[in-house]
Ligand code: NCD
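Just the one chain here, the form predicted alone, laid out as structure tokens.
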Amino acid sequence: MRKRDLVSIADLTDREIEEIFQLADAMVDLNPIASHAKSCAGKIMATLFYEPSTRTRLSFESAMQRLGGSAISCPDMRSSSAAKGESIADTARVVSSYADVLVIRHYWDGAVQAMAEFADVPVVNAGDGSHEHPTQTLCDLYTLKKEKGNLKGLTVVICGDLKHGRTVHSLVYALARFGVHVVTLAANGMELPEYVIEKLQNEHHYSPLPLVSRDLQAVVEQPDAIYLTPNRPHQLALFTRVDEELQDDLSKMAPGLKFDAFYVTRKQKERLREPVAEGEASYPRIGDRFLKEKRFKDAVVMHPLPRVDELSPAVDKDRRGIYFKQAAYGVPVRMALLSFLMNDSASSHPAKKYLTVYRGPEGAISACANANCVTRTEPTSTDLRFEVLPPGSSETLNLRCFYCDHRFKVQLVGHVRSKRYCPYDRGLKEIVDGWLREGDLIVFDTIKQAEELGYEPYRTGPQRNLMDEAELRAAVKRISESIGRETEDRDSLVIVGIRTKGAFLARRIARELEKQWQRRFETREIEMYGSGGQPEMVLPEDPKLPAPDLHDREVILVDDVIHTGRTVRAALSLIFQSARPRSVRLAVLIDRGLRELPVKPDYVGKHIPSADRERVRVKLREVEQNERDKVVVYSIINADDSNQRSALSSNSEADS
């Protein structure tokens, strides 16, 4: 029988979670003579903790002993062979011969998945880096259900460090599956990662929705904007102007929301790359003001613990503070999980759905884009592979790391047999799908990497000039004049460009506006392929300058070309995550049409209907320093020909 691992909360179906909860109910007041009491008799559990733990490790060991089994433990792996350099793969191989189940906590994202691939017995994730903590989520869901009777329709506010908190990542996925409304109250700079939001959107049909609740602001220290993630799709992030009627509805909704639970998390200092000084930024905190607010009299307060200072001691004495009860439920819930995993029926779980997997040839992408992923830190213990995802937040090829779940966008693809490469866009989708099926696909991080591996660029067909330097300059001026006429508050205007060419166009627009109004305007920049491949606001190069603040501002979002609208949607989503602007208007130099998403630019330099397989390229002197400004259209020759090399080498037209 196939062994059963629990690495992610996605490894359990909704029905299985309910089954585990039913078992937990029986475990709460376990009778020593009950059948469950000896369900793990003769079994041994090994706990391997590479990070400190109190509740998780002890509750697992208590659970196993209460089920009639026994536990062997490495509570500090610094005193194990890991300190001598033993790989996690070898540790998994060895310890799985001593025990019937492994419970593992590790500081690397995806390390538990790697160990599960080498262990011969079930493996349970007790927390891996900033990735997931599925057994804590089982405890959280069980606690909520016991307190509230049902999960569907509840509204839960999640507060604190949502970027690094692994408990939060597993929890929001599970809450979405069970129809819970989620309000996120993130500390500044600690919002949910983009890959988590994309998963919520793509797999659970949740969409971030900006919402301001003065009631919440009054009782919890937090940034101005919070986000409601309903269990029905919303498309606010697809509209470039903030709809006044919708915003009015949201304002009315906020006071009317019934909050059922506040889930508070601590700042994950051990995962912060840059130390954050205390008091440098506001951090959500539940205190006396919350306890006195009648509106929250039935809202329970939860915390995965340990806490630092995000909970007032006064909450301990209030009936709504249920976090110690939540910790106590860790034993019966983990008893139920162990009993479930050791039961034969758990092994008969149907195989996961078929995934399209990319394994690049040697020399291609060497590791995941996530700096803390196990594929980067210990590649010898991993089989580097990625799931190929449907188009997500941009017009690129989207890959998901099999270990840490991070998504990233591929910009360069190549054909192995022909040794050719080119930028990826949606027009190449069918061709690249064929390369993937035939094992001929290779993806690159940079042009330098491709060329060092002996790949040459695809030759292109003849170019047609669509705009020359004078036309491009005139288009920028027209856009700037239109923005000027429609801007009500010049003091609030900020121009945000999508890197790279959108950012340069944003600066040109700002200079044109300066000529009109004889004053300087603030410009900002969005990097679509930032850390971990997710969009992020670019911080000022000068550390003395303030971080980007778009709250209550009139934002002009600028890009060079709009095609499907996915890149713009990702940029809009990022803007609404970080602030609640007064309005957002979209300016593009070229509108290609072929829209997949309902995004309509407010300002367009030129409309150019083009075929899906044609490439439209904006050339700016700031980027192509040896050329003048212009816009060209061209196509790639014979990209779908299996004999590309000979066909392309004979072509005299070459403009890569």
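A residue's number is simply how far along the shown sequence it sits, counting from 1. Quantities reported herein were computed from a predicted structural model and do not represent experimental measurements.
In what follows, reference is made to the form predicted together with this ligand, a form of this protein that is not presented.
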{"property": "Residue (of Asn370, Asn125, Gln136, Thr382) lying close to this ligand in the predicted complex, criterion heavy atoms within 4.5 Å", "result": "Gln136"}
{"property": "This ligand: the contacting residue among Gln268, Ser480, Gln201, Ser339 in the predicted complex [heavy atom, 4.5 Å]", "result": "Gln268"}
{"property": "Stretch in contact in the predicted complex with this ligand, which is absent here, among 400-408, 174-182, 187-195, 304-312 (heavy atoms within 4.5 Å)", "result": "304-312"}
{"property": "Complete contact of Arg426, His563 and Ser610 with this ligand in the predicted complex (any heavy atom, 4.5 Å)", "result": "no"}
{"property": "Contact flag, Thr167 vs this ligand in the predicted complex, heavy atom cut 4.5 Å", "result": "yes"}
{"property": "Proximity of Arg628 to this ligand in the predicted complex, heavy atoms at 4.5 Å", "result": "no"}
{"property": "This ligand contact at Thr47 in the predicted complex, heavy atom, 4.5 Å", "result": "no"}
{"property": "4.5 Å heavy atom contact, Lys38 and this ligand in the predicted complex", "result": "no"}
{"property": "In the predicted complex, residues of 49-77 near this ligand [heavy atom within 4.5 Å]", "result": "Arg55, Thr56"}
